[in-house]
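Next up: a single chain in structure tokens, the form predicted on its own.
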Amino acid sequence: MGYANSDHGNAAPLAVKILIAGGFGVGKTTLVGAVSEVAPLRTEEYLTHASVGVDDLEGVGAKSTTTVALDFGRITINRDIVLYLFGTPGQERFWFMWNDLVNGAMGAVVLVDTRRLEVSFASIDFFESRGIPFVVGVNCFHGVKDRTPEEIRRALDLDPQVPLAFCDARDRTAGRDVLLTLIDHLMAARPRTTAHPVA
């Protein structure tokens, strides 16, 4: 990832597409809404009786809506980088959307809920299988940190180089910090060019 024409004072910032993924009810829509500097686009619909027996609502009994296509938001990191955030639908019946949403994405945040870690396994597998860099954001519901980073890493079978950060998806600063963790991860993964001496 580089800065096109970064030596120009009036150069356009680099646009970076980021996916916010994870299982149903882990806080994706909340995170996008908390950090976006523009009114977020949401495609939420109310859960109805038609979802009974189709959607797994265990552990999210108070949730009354679900994302059926995507969430969209934008946040300016600095004058050189603007992130365009695309929140993925979490329910299995909408996973087909992911194949379109992933086009052009440079990285992802996988949000997890420690009470229901299994609902985010598919997100991690998706990005690993496509070689897309990602970080794990542990959404601490009600401010509770009930597992250590080591326990979460083991449960999710994370590679050692995948960053993990605790956050509150409702808090703008905490959400921004998770996104900065991803940017740092992407920058660290950039191939380094070797300078060759001029003959």
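Residues carry their position along the shown sequence, with the first being 1. Everything quoted here is computed from the prediction, not taken from an experiment.
Keep in mind that the form predicted together with a small molecule is missing from the display, and what follows is about it.
Undergrad: At 4.5 Å between heavy atoms, is F141 in contact with the small molecule in the predicted complex?
TA: Yes - in the predicted complex, heavy atoms of F141 and the small molecule come within 4.5 Å of each other.
Undergrad: Taking the small molecule as it sits in the predicted complex, is R170 near enough to touch it, meaning that at least one heavy atom pair lies within 4.5 angstroms?
TA: Contact check for R170: yes, within 4.5 Å of the small molecule in the predicted complex.
Undergrad: Determine whether any heavy atom of V26 comes within 4.5 Å of a heavy atom of the small molecule in the predicted complex, and answer yes or no.
TA: Although the small molecule is absent here, V26 would touch it in the predicted complex, with heavy atoms inside 4.5 Å.
Undergrad: Indicate whether T30 is a 4.5 Å heavy atom neighbour of the small molecule in the predicted complex.
TA: Close contact exists here: in the predicted complex, T30 approaches the small molecule to within 4.5 Å, heavy atoms only.
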